[in-house]
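The chain below stands alone and is given as structure tokens, in the form predicted alone.
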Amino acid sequence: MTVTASPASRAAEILSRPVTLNGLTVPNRIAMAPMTRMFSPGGVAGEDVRSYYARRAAAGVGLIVTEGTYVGHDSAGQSDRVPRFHGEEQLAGWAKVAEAVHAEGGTIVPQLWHIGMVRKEGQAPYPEAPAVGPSGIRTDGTEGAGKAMTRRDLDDVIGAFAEAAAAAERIGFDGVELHGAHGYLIDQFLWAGTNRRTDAYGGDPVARTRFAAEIVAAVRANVSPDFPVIFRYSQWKQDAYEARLAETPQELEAILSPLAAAGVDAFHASTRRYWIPEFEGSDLNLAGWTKKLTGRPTITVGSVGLDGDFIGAFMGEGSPVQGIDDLLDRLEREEFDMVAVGRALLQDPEWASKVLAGRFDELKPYDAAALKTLS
């Protein structure tokens, strides 16, 4: 007689398995996706930020990936309320966040971020700093709105990422994630739509990967060998949802292989809906293809636990709870290794504990009002 596991026991069994990312053992397969929160005046993560992350670790999230944090380059950001990962006060605040998450049994990595050509000039924290990018072109195609980066600019940004990674290890974080997705600076180099350079950093897909690979290599050289380096990337951009870095698995492999060789330990493949196949002829999603092509552990993300378009939800539309049977199927067949949960965890700090305990009927649908608090 065949005994079929209950949905509750199956979720607990599959999601509770530990996973190793280089020298880090994450206690389960649930990660908190990075989500920009503007609750850090002066770029300092305070007590409310500390409690916000600690609550989710206490409720069973295995790996916290923080909101994007600006690296130490004047053009990296455009808000004085988004946290920074440089400066004595800012790093002291982050050290307390890491300590609080560890106290609750979780692990945590900061997402290191440079927004590049997304920046609007005149914005804090450094209003005189220009927007910078590979060719001075925004993701919507606007030209002349910023500065094409010089060799010195490239070196400065590479150094800023490396210094932030070293600081993360020094103050007690468990690894770092490099933000190479969604049309921000690193992604602006990866995508032909914003990279029109004619030097060694532009041209074919491999050349466009050079800047990202040099950042990875510099980060790898500045931290311990077993300190995990995660790279987040996407096909879509903020102003170009149909954009693609790669149209075929072969093109994707050409982009990812130099990053893996440079020292990426795991990839975080960002999609709008994780269940959509990435290429024709296969059910694999972007994280699945990434694992197949690189052999590295991967994290999937994209409307996990919710139904409906995530952009509409962020604009105020509701998003009902979605089942996770398909997600569990994919994890069980090792299509990817972890799942990052975004809006569902933003709305419901107890999401992980409820899912792990089979309390699916208690899950809360997403409401955009959750963006206004650090509950």
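Here the structure is a predicted model, which means the values were calculated and not measured. All residue numbers refer to positions in the sequence shown, first residue = 1.
Below, we refer to the form predicted together with a small molecule, which is not included among the displayed structures.
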Could you tell me if residue 59 has a non-hydrogen atom within 4.5 Å of the small molecule in the predicted bound form? no
Partner contact for residue 270 in the predicted bound form: the small molecule, 4.5 angstroms, heavy atom: yes
Partner contact for residue 86 in the predicted bound form: the small molecule, 4.5 angstroms, heavy atom: no
Using 4.5 Å between non-hydrogen atoms, is residue 43 touching the small molecule in the predicted bound form? no
Stretch in contact, per heavy atom within 4.5 angstroms of the small molecule in the predicted bound form, of 175-183, 223-231, 137-145, 281-289: 175-183
Answer option from 77, 93, 297, 302, heavy atom within 4.5 Å of the small molecule in the predicted bound form: 302
Heavy atom within 4.5 Å of the small molecule in the predicted bound form: which of 327, 338, 33, 54? 33
